[in-house]
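Included below are structure tokens for two forms of one protein chain, each presented in isolation as structure 1 and structure 2.
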Structure 1
């Protein structure tokens, strides 16, 4: 168990390091001039002297290995640098933005999990019937739907036509942060979270359905039926028990898509989360922030995968040691 955990964490480290190093090198080799990206629209007002100063300030005048070493040392100290757009430490920006995104993603995660599971169980039990076909068709179509388009439709329907919701922004415009209430936040969270949940349902439902169909074809369900259990009894006694774990695991392993989805949803609803920050960093050439987001998202995805595996270890009795079972014969 401990060995397994250590191995996993070691793997995380190699992957994280590799992601960071590769991103850094690629960014360095790219034709983008970070100073120009930094100066942006003020280009004409900046003289060559100032230009050089800025370059020096960011350490851009030094050769690549040197910069790499400096960057590496800084990272090890937990210093991801200063975001060029926000003019604040990258970690602070990420921390604040991530909390906003987390609220969004968590809501969507829970909702899509619950509804997807229910839908999948229904389809699996009714396998081959019209109910099943309808649910399958719905989920497959949902999976082909561009998330940002769905978000636009939601915006059109609920914000433009029905005027139930604001057109965007995580908080009301023009109100200082400390005056924003919890209900304000919830109000602005609802629409993007709903969009994200709707698309999330497809994957969970299809996976649940498939697992349930597999379970229903298993030998132990055949035996259960031979012992007179009805369809519903089979589901309650054996079905749910055997699909709960793989489905929950998959839900944890889907953090990657969740993150991607939140980027798009945040963009449409102008929700000030981490995804929006990533887009801005990319568009406006904020290298430190972009690097930070890449590393952080990798960490996020890994956390999901680790949680999934830990769950198996904790819950599935088959992974436990055989224990005293053998001595009892």
Structure 2
């Protein structure tokens, strides 16, 4: 276990360095001028001297290698810099926005996992029937539907026409923070989370169905049926155990897709999460905030994959080290 964790930590450090270098290069090649984006509408009022002072203040007048070295040394000290947009420390902005995004992503992740798994099991058990065809049609339609278009459709239908949900935002507009209740936050969270989970259901359901069909067509299931086991007994004794591992892999590997989808959902619903902050940082050239969000998102996705690997040992004893297996025996 110690060697396993050390290897994953080394891989994480390598990933963060690679992501940071690539992000710095992409920002350097970007046509967006951070100083111009920072000045904004007051660009005509800013003279050359002020322009140079702004670039010097944010360290944008230095060569790329020197800027990257200074940023890397600051990261080692735990200093991610100050956001050019929010005028606050990057870690404070990420911490505040990530809590909102985490609630959105976790809700959508649970919904997509539960409903996707249930639909996949139902389609696999009813293979070839109208139920199976209906579920496959539903999943294939959702898999080919752009998330931003689906989010606009959900917003137009349930928020504008039916008025069941608010138009957007994470809390009611004009209400002080200390007066916002948990029910208000859940009310604003539900529609974006449902929209984000709908597209995630398709992949989980189709993958679960395919794995269950393979299990049900195996020789040991044929032998179990010959012994008189019913369909429900076969599912509980053989099906769920064999499809648990690949479904767990897919569910935790979907963290990257979930994070990318949350950016689109947050933009459509004006939800104040980390994805919306990343879009603002990219459009306005906020280099410290954008680099912090990129590094944090890479850490978030890596944590999801690591959690999946650790769960493998709990689900499948064959993947555990030999010493653990001997102790269990």
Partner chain sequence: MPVSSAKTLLLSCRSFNRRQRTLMVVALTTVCLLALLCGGLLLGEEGLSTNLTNRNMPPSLSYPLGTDWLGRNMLARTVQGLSLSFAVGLAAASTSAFIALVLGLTAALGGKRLDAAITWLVDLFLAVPHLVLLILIAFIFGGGITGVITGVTLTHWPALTRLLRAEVLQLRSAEFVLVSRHLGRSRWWVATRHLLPHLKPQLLVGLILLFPHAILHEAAITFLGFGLSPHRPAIGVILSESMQYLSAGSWWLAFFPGLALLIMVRTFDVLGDNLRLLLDPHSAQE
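For clarity, every value in this text was computed on a predicted model and none was experimentally measured. Numbering follows the first chain given and starts at 1. Rigid core: the largest C-alpha set superposing within 1.5 Å between the two forms.
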Check against labels, form predicted in complex with the partner chain ends up as structure 1
Exercise. By the 2 angstroms cut-off, has the C-alpha of residue 128 moved between structures 1 and 2 once the rigid core is superposed?
Worked result: yes
Taking the rigid core as reference, does the Cα of residue 145 move 2 Å or more between structures 1 and 2?
no
- Flag for residue 302, CA shift 2 Å or larger between structures 1 and 2 after aligning core: no
Expressed in angstrom, the C-alpha movement of residue 217 between structures 1 and 2 on a rigid core superposition is 2.4
